[in-house]
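In the block that follows, a single chain appears as structure tokens, in the form predicted alone.
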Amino acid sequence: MTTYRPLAKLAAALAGAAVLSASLSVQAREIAVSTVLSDAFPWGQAAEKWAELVEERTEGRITMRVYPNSQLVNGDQTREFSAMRSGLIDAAVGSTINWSPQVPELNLFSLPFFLPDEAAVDAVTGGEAGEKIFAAIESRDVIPLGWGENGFRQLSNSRGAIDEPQDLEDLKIRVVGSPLFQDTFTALGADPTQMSWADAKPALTTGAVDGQENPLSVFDVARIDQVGQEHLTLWNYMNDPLIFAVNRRVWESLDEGDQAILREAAVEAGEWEMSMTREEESERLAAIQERGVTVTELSDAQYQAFVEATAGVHDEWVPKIGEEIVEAARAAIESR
């Protein structure tokens, strides 16, 4: 009988290895992360940083695979939140603008000329208003984990310098699929034209639209000046925070330790990306000017003219966003 003991030991060892392998494969996890922009942009780099930190801190048990350019929603960036909410997307680093059709509270950041500077943005996201917005997102089965930043959005066009509302009269301006953007540019006398970012550059190239609005990082990296956008107005009319978030079912399938890792990594990646984005602003602006773009900076009086021209937009949209959230944000801005 002893002749068969080595074979029995071998069989037992193989069975044990199979059990261990199966256990490891069950523990290993891949999470699909959606972003609108690739890692050529700070936005995409934020998602990659999140993935890098999570994989490192879980020792490879969790891999976050980033899908840029809205691949998971066939290029339609405004569908990203609803796809994550339904579970078609596991996680995302998304724009408050793109998610606002499904989460009206996010329109707070798109109120024209509401956030005067970066300190105001930080005060809002880090205070009571930010907590209320995160609660609104979570009520829709998406778990928000941290903030990032796409930055203040500036205005460019192919026609001429813009330093007063009248200069926008009848200009076709590409905007994202948000009714608030439509209302803002209509109030300024422009002709807002909704289209995805994938369609925007061809439209600018052919002259189908005259202008667009985006942060300096997007203008610079995408070389928007090469498609006829020779005039840039720095008007800081709104800011676009980014949000790191996970589908609720995916989140609840993780143990508390891994949840903590995802949250901490999201916060760290967001802080890293915000710092980088802000530090690079002056360098990007200089590079844009060196390429021959005419840059217009508004005086206080010129800025105030735009504020007054869009006051009616605030009257219409504050109730849609929520009076309590807007008032909490105003208080945070005033006390910064």
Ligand code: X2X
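Since the model is a prediction, treat every value here as computed from it, not as a measurement. Residue positions are given as counts along the sequence shown, with the first one as 1.
This next part talks about the form predicted together with this ligand, which is not shown.
Colleague: Here the chain is shown alone; which of Arg153, His231, Lys172, Arg79 has a heavy atom within 4.5 Å of this ligand in the predicted complex?
Modeller: Checking each option against this ligand in the predicted complex, the one that comes within 4.5 Å is Arg153.
Colleague: Let me know the one among Ala269, Val54, Leu37, Val66 whose heavy atoms come within 4.5 Å of this ligand in the predicted complex, would you?
Modeller: Among Ala269, Val54, Leu37, Val66, a heavy atom within 4.5 Å of this ligand in the predicted complex occurs only for Leu37.
Colleague: Contact between Glu149 and this ligand in the predicted complex at 4.5 Å, heavy atoms?
Modeller: Outside the cut-off, so no.
Colleague: Just to confirm, Phe306 within 4.5 Å of this ligand in the predicted complex by heavy atoms?
Modeller: The answer is no: Phe306 has no heavy atom within 4.5 Å of this ligand.
Colleague: Applying a 4.5 Å heavy atom distance criterion, does Val176 contact this ligand in the predicted complex?
Modeller: Result yes; Val176 sits at the interface with this ligand in the predicted complex.
Colleague: Indicate whether this ligand has at least one heavy atom within 4.5 Å of a heavy atom of Asn236 in the predicted complex.
Modeller: Although this ligand is absent here, Asn236 would stay clear of it in the predicted complex, with no heavy atoms inside 4.5 Å.
Colleague: Select, from the options 89-97, 134-142, 244-252, 104-112, the stretch whose residues sit within 4.5 angstroms of this ligand in the predicted complex by heavy atom distance.
Modeller: Stretch 89-97 is the one.
Colleague: Counting heavy atoms only and using a 4.5 Å cut-off, do Trp43, Trp197 and Asn214 all touch this ligand in the predicted complex?
Modeller: So, yes: the whole triplet contacts this ligand.
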